[in-house]
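Just one chain follows, in the form predicted alone, and it is written as structure tokens.
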Amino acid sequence: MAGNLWKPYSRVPLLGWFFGALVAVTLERLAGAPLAQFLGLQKIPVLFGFSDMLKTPVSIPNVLLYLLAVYVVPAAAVTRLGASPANGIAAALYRFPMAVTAAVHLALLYAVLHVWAGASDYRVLVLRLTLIAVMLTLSLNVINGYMGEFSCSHPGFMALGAYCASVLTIGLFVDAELFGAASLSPALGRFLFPVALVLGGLLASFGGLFVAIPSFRTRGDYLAIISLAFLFIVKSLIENLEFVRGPRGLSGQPDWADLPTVFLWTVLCVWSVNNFVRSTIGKALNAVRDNEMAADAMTVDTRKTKIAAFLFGAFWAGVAGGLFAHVMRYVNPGNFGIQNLAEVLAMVYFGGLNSVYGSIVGAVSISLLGEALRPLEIFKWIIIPLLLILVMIFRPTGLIAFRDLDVASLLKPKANPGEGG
């Protein structure tokens, strides 16, 4: 029965799903508030109604009706009825260069996210932090998944990028008490902001050398200890630097990490990580993971491979840290401690090792689940670990493991034009 219901949707291309989602979120923007009032809800559910249902369980039927009326039924109807035209458009787009086809799909995806997030500032914040989590998870999966090491240094890389980018933007473009008058016009800042992020990533890569070099002689638990020591060293160093206000934290970052900026950097991160792991050096990473001695015997330069993986992963963690600092507009050493490490590791292993798909799914799932369970306060830190334990028991490699992102296959039409039924 379920298979028969799903069969028509199996022929819907990705473009069709994006159209359906766009119709649903547009409907919410136009009629969500009146519908919520009609159903007895105080306001539009901010995060698919999970928080509302947890705060007031008696509202569960009304929230479910809202979700059905706004999201499920319109999206299902549009994708089902529009399968044939969507396949026709997808087939036409597929004749263009892949970059053009991908750009159209990304524009539609951004439109969906932009309209959905526009309902509240809270949604915008959650979405930006979720995209940053995707970048962190992807970069850590390069080391812990594709190379098979167990590194705990990612919050340290993130801290280096966050503080480097913050010092540059505040010091150069903001009249701040800590750094004095701005050296450059703030009007130039938004255009030079990418430079600050890249420099933060490069500083994080330089820090990655201090983890990569010892990794030549250590593996497993020893590497985990070395990388954890690196995390504590970076955190302690920042806490004792009065130049960046030590444990009091650094504030006043310009509000330049808006949703379009974070989205574009996330797309660039996904594209570069996917190309990296599918390249020759990516295959070498897998060889090092499976058997380092055998890889070395087969002329794989294991030293170069490890350095490349650590520096590449550290770079994107540093960029994510810079974006995080400018989203929150405040950072302190406590943002980059053990809890942050546990969250990123949970995203990697929940989503799946050696998988770009898995990293995206893990980051989005854990981020949104953490926000949805926020009303439970301390109990959410019981539910999420229990969920992770169940995943580790029944899916030891994660939900979607060992799957790279095949863009051509993902964007192609699912049926010939005219076969939508």
Partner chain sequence: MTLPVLQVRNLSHDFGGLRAVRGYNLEIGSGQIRGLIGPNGAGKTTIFNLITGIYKPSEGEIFLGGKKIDGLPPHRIASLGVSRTFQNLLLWRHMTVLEHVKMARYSKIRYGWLGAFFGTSARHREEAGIEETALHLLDRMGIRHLADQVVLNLPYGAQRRVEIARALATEPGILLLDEPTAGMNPEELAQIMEIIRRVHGEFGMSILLIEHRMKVVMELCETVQTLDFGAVIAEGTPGEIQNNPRVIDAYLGRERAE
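Residue numbers count along the first chain shown, from 1. Computed from a predicted structure; not experimentally measured.
The protein also exists as the form predicted in complex with its partner chain; that form is not presented, and the subsequent description refers to it.
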{"property": "Contact of residue 289 with its partner chain in the predicted bound form (heavy atom, 4.5 Å)", "result": "yes"}
{"property": "4.5 angstroms heavy atom contact with its partner chain in the predicted bound form for residue 281", "result": "yes"}
{"property": "In the predicted bound form, residue 187 touching its partner chain (heavy atom, 4.5 Å)", "result": "no"}
{"property": "Close approach of residue 312 to its partner chain in the predicted bound form, 4.5 Å, heavy atom", "result": "yes"}
{"property": "Proximity to its partner chain in the predicted bound form, single hit among 168, 199, 300, 119 (heavy atom within 4.5 Å)", "result": "300"}
{"property": "Among the candidates 110, 206, 271, 243, the residue which, in the predicted bound form, approaches its partner chain to within 4.5 Å (heavy atoms)", "result": "271"}
{"property": "Which of 256-264, 188-196, 281-289, 318-326 sits within 4.5 Å of its partner chain in the predicted bound form, heavy atom basis", "result": "281-289"}
